[in-house]
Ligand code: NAP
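One chain is shown next in structure tokens, namely the form predicted on its own.
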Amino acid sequence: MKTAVVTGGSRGIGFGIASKLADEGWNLVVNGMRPEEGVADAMETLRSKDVQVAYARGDVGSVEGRGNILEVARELAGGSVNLLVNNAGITSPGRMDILDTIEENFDWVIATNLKGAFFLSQAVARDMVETKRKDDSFQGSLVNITSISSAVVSTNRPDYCIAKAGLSMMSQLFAARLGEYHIPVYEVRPGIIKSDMTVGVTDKYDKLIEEGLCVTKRWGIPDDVGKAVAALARGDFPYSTGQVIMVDGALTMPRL
């Protein structure tokens, strides 16, 4: 039984990922910010798939939060986990214009969406390398959930775009560093995904999708992202470390 950590895994895209991993027999450490009673239904749904599931509450953007995630993960895995999915993130508070963005919001987004993922990845990668040195049969990997916003400009979400662009580079950095240990690192880049983060812009994107924004003429759903992560986690792409997997209905494909 392999163990995966999914940050922000109790709802939205993260829950879609956790659910698909559970379908394939992965034990799970699900991280979130809500108290345990607030995620009880989600955890029960995952446990009904006959896998072990532990909930690690904590802010990935804080030292204490990451410490709790690592403690729970090491306990469930009995050592190093096999997979870390950096999914936790927040949207740009207030969606403020780049000329009006305030430092407090910028720091919050960067800490949650980029800094937290970096230092959690660093800690997990160290565990994986140590385990790999002792046992060459150990299989580990990292998957970072970014966004088309890492390459597509939104001037009313500059902090979010910058954080996601940084996470894209972080994926390549860790891929390069961990390559000698055969620990692949991937980036999954979703497009317009139906979740609690996009509720406020539903009407806007309903119209744009109807007008042809995406080649695949529908919203993406968390299940779409979950399927991509599950394929990577299975080891189906062992020679593709450092690569970007697009899950955007070809929104970003150049067209005339």
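Residue indices: 1-based, along the sequence shown. In this text, all values refer to a predicted model and were calculated from it rather than measured experimentally.
Keep in mind the form predicted in complex with this ligand is missing from the figure; the text below concerns it.
K.L.:
Quick one: which of 98-106, 156-164, 126-134, 171-179 gets within 4.5 Å of this ligand in the predicted complex, going by heavy atoms?
P.N.:
Partner-contacting stretch among the options: 156-164.
K.L.:
Does this ligand come within 4.5 Å of a heavy atom in each of 118, 184 and 232 in the predicted complex?
P.N.:
The answer is no: none of the three residues contacts the partner (heavy atom, 4.5 Å cut-off).
K.L.:
Residue-level question: is residue 32 within 4.5 Å of this ligand in the predicted complex, judged on heavy atoms?
P.N.:
Yes, residue 32 sits close enough to this ligand in the predicted complex that at least one of its heavy atoms falls within 4.5 Å.
K.L.:
Taking heavy atoms only, is residue 89 within 4.5 angstroms of this ligand in the predicted complex?
P.N.:
Taking the distances in the predicted complex, the answer for residue 89 is yes, it comes within 4.5 Å of this ligand.
K.L.:
Taking this ligand as it sits in the predicted complex, is residue 12 near enough to touch it, meaning that at least one heavy atom pair lies within 4.5 angstroms?
P.N.:
Yes, residue 12 lies within 4.5 Å of this ligand in the predicted complex.
K.L.:
Using a 4.5 Å heavy atom cut-off, state whether residue 198 contacts this ligand in the predicted complex.
P.N.:
Result yes; residue 198 sits at the interface with this ligand in the predicted complex.
K.L.:
At a 4.5 angstroms cut-off on non-hydrogen atoms, which residues of 37-56 are near this ligand in the predicted complex? List them in order.
P.N.:
Counting only heavy atoms within 4.5 Å of this ligand in the predicted complex, the single contacting residue of 37-56 is 55.
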